[in-house]
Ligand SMILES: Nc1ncnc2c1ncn2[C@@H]1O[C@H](COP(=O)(O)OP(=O)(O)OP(=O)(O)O)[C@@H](O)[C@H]1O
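As a starting point, one isolated chain is supplied in structure tokens, in the form predicted on its own.
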């Protein structure tokens, strides 16, 4: 069969996936957030200080300083002029002077790695940023790089002027006095150069000085926490959808109606399991007991023939089918009827241990035809309710080979002659098909699923297997439902869970009670 999509379509499908795995998402978010906080606490702190270097390129028509290194001339593009000024900052010569003036115990290359220079928007200023592990050091380094950029370029300018002046002064001596001074005259140029010898670089100036950082710039605690929160959510959501895609499990009872097209007969609360074996009726909550009574009522309404056979199965281990079979048989005895409980899970038998059976024969001898059914039934008393149990004395593959159609017909005919109801605990048929002959003969086949455990794919495979063999499941029992009807109705129970009270000691089943022979 081609099952309908159990999740629905569109946005609702995705919301369902998120809701079903909300704790996975929360867990991932908390984990990543904790890592982010720990990183903030242990990571090395970096402090950033910013100073400003002003750029004021001289006019291109000024021929006095033409060709003088360290001096910026207008290029016609103000942005390019500021970029050229920024390049003056990050040079080895400037870094060497910074190390010298601040008496730093590092190489110029290391100091140069602390600093970056970039234009500030469309302004005439360059942002000189220094990042170190100390707030005070960052402040001093940023201001020093601005000061030493001006100092180094000024020294380059002075050196170039000093190299040009002698020749220009000699040229001045050979020039007539009337031609020495004036616009563009040699005397005027000499005078201007002599003045620049005592001035700073006219194309650069110090802007705003760096201030002491009030806190580290890296790691930024607020941004890191926000980034951790977002990353955790994204990771959690991604894992949730991946888990849904690769391991889709039953999360909501509503998925079953679209998946199998059969009704939910009962919802059983999640019980605190005391052991990996099936639970006895005395070990489950009052609300769960009532759930099994509801199952009994639903089955009684559906079928009115004499001595019906109920087979309980599932799609995988650990879903609660054996507990359901035992509790169903127990609830049927409360109507005054006689019940036979058959353990058909011969590869993993548990009835002998949980019922503490002391007997000579079991289903082993019945299937082999060595003893009649009546001789192999073990009477068990559960909370003053008597049932007869046909248990497996030994586990083994050879016993499963005896479960043929003819043997199953004979066994069930004998059982129906001895009791009003027959309940069969079947193994997961998708895992082992030993009890399939019983399923074909049963009046009602009940599929047990456990929320958060049952795999949807395995459930579809079970439904396909049953239908291919002419068996239509009668309905579903949902185990582990947190919203079971009646939860919280009984005194001492809130939301179906026992309130704080002394733990109840389960009554141990007693075998060997007298049985009236038919």
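All values derive from a computational prediction rather than experimental measurement. Positions refer to the first chain, counted from 1.
Not on display, but discussed next: the form predicted in complex with this ligand.
Proximity of residue 322 to this ligand in the predicted complex: non-hydrogen atoms within 4.5 Å are present. Among heavy atoms of residue 479, some come within 4.5 Å of this ligand in the predicted complex. In the predicted complex, this ligand stays beyond 4.5 Å of every heavy atom belonging to residue 444. This ligand in the predicted complex is not approached by residue 368, whose heavy atoms all lie more than 4.5 angstroms from it. Stretch 262-270 is the contacting one of 125-133, 205-213, 262-270, 142-150, since its residues have non-hydrogen atoms within 4.5 Å of this ligand in the predicted complex. Contact check for 276, 317 and 345: all three have a heavy atom within 4.5 Å of this ligand in the predicted complex.
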